[in-house]
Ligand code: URA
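One chain is shown next in structure tokens, namely the form predicted on its own.
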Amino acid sequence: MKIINLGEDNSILNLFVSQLRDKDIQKDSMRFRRNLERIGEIFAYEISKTLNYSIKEVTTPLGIANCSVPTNKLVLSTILRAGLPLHNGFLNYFDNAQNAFVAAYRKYGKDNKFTIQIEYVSSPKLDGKTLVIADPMLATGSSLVLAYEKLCTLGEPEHTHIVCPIASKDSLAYLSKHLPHKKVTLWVAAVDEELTNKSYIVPGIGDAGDLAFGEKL
């Protein structure tokens, strides 16, 4: 598995990430969603550089232009509900892509221990396609791996791009262990060192779903 950290280079991406983290700016849920969307657009642009291209003849009012256009069949996927704004950023750029959605949540038991429950998957066939899985945060990595494995029951992607702007150091090790093959690229914007006993990333951003859409029951 290849890991690419876009936050290691100075760009406007780092400003958007800093605003995601800022507890005062987080009070504006619309701005929080928009920042996730803009981050998705930046990652979409960077991923577009890795795709396959061919020349297409385009008829203009004055002649014929030879344009280089991507040829990959894309499927954009996210984990409900926190991933929706990030997903929308990708869809803004890859507007002809197919879409997939995974409903997953943490089910807590005693001593703050939890299991990941996946209740629903909506996806097209994935054989030979380029799969993008976008989720704002990668804490332990367990839910992401389960979502990936569940999606892959619907076909084998040609390549998978996993996009998680905020990741923990532990989650990188977990994904490297469970997704070791070369058909996966992990894209992040920041890697935080600490997880709490409830597996929340520190400093992190808090609960992305609640910040984007309001507190849940």
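Position 1 is the first residue in the sequence shown; the rest follow in order. Owing to the predicted nature of the structure, the values given are computational and were not obtained by experimental measurement.
Keep in mind that the form predicted in complex with this ligand is not shown, yet the notes after this line are about it.
- The closest non-hydrogen atom of residue 133 lies beyond 4.5 Å of this ligand in the model of the complex.
- Not displayed here, this ligand is approached by residue 199 to within 4.5 Å at the level of heavy atoms in the model of the complex.
- This ligand in the model of the complex comes within 4.5 Å of no heavy atom belonging to residue 22.
- Residue contact check for residue 139: one or more of its heavy atoms lie within 4.5 Å of this ligand in the model of the complex.
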